[in-house]
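Next up: a single chain in structure tokens, the form predicted on its own.
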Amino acid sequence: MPGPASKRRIPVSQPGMADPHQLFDDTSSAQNQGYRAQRAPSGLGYPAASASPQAAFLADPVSNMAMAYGSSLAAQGKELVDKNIDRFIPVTKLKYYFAVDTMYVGKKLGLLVFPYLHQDWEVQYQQDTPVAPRFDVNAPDLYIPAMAFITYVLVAGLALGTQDRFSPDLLGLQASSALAWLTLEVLAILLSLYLVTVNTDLTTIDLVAFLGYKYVGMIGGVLMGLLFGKIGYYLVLGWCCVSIFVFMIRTLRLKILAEAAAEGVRVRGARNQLRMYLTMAVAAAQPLLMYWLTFHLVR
């Protein structure tokens, strides 16, 4: 009697279980679901954007208000400092006096040492504004006086060192003395111009520039004194003193005696005589200070 027919057991798949006949698990659906979950918030196929600035401000309002207040205070402080600096130190004007180049420096040094053959001493203007010094050798600058002052201090230190008299205090005294005399010169000239009532375009910075040119001759005199003794010092310093005297006379007469120079005639009034005396006094003071600030450096 034939036995009962064998029954095949068909495995029933339960939820969450893989097909027993499948060799590998299919994970693509799970990845797709995760990717859809990532894309869902934006609705445009891109990841969700970060929180807006308004939301960040609402999240921490105290620190953001403090940061904004600090930024506004910093901006106001910078503006206040710029205004005060420009009031006491005209930075924009100082840029004009340092607008030089190598050719200008060479010509200006030659003019300071040998001013006798120079004819045209007028400062060139362009639309009522003087041209930059690099375009006009007659224009005053602060580059040469500043570099000459620094070089003078260094040369003075060298001279003191060769004589075994160098000390930082003595070098500082030398530099401060030169600055003090320059300040006194500027103040005295400004007071004299005020008392004489001179209408001139000569500014304080112009005075500092013109009075600072004497350091060039002082450097030459001290260096020649170190190389050739007192004879070289007196010869070179004497030449430079005469040169700076001629340079100051021909330069300042166009500034202080502007009215008479514009007319081209001699005006023998009392005011013009005072202006001429003032010009001569300023020019004559330069050789005296050149000797006073250097004679003790050469022995």
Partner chain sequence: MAFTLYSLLQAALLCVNAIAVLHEERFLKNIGWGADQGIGGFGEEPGIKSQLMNLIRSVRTVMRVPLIIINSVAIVLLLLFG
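Only a predicted model underlies this, so the values are computations on that prediction, with no experimental measurement involved. Numbering follows the first chain given and starts at 1.
The same protein has a further form, the form predicted together with the partner chain, not shown here; the description that follows concerns it.
Of the candidate stretches 108 to 116, 171 to 179, 154 to 162, 69 to 77, only 171 to 179 has residues whose heavy atoms lie within 4.5 Å of the partner chain in the model of the complex. Taking the partner from the other structure, the partner chain in the model of the complex has a heavy atom within 4.5 Å of a heavy atom of residue 191. Residue contact check for residue 197: one or more of its heavy atoms lie within 4.5 Å of the partner chain in the model of the complex. Residue 183 belongs to the set of residues with a heavy atom inside 4.5 Å of the partner chain in the model of the complex. Proximity of residue 299 to the partner chain in the model of the complex: non-hydrogen atoms within 4.5 Å are absent; the residue sits far from the partner.
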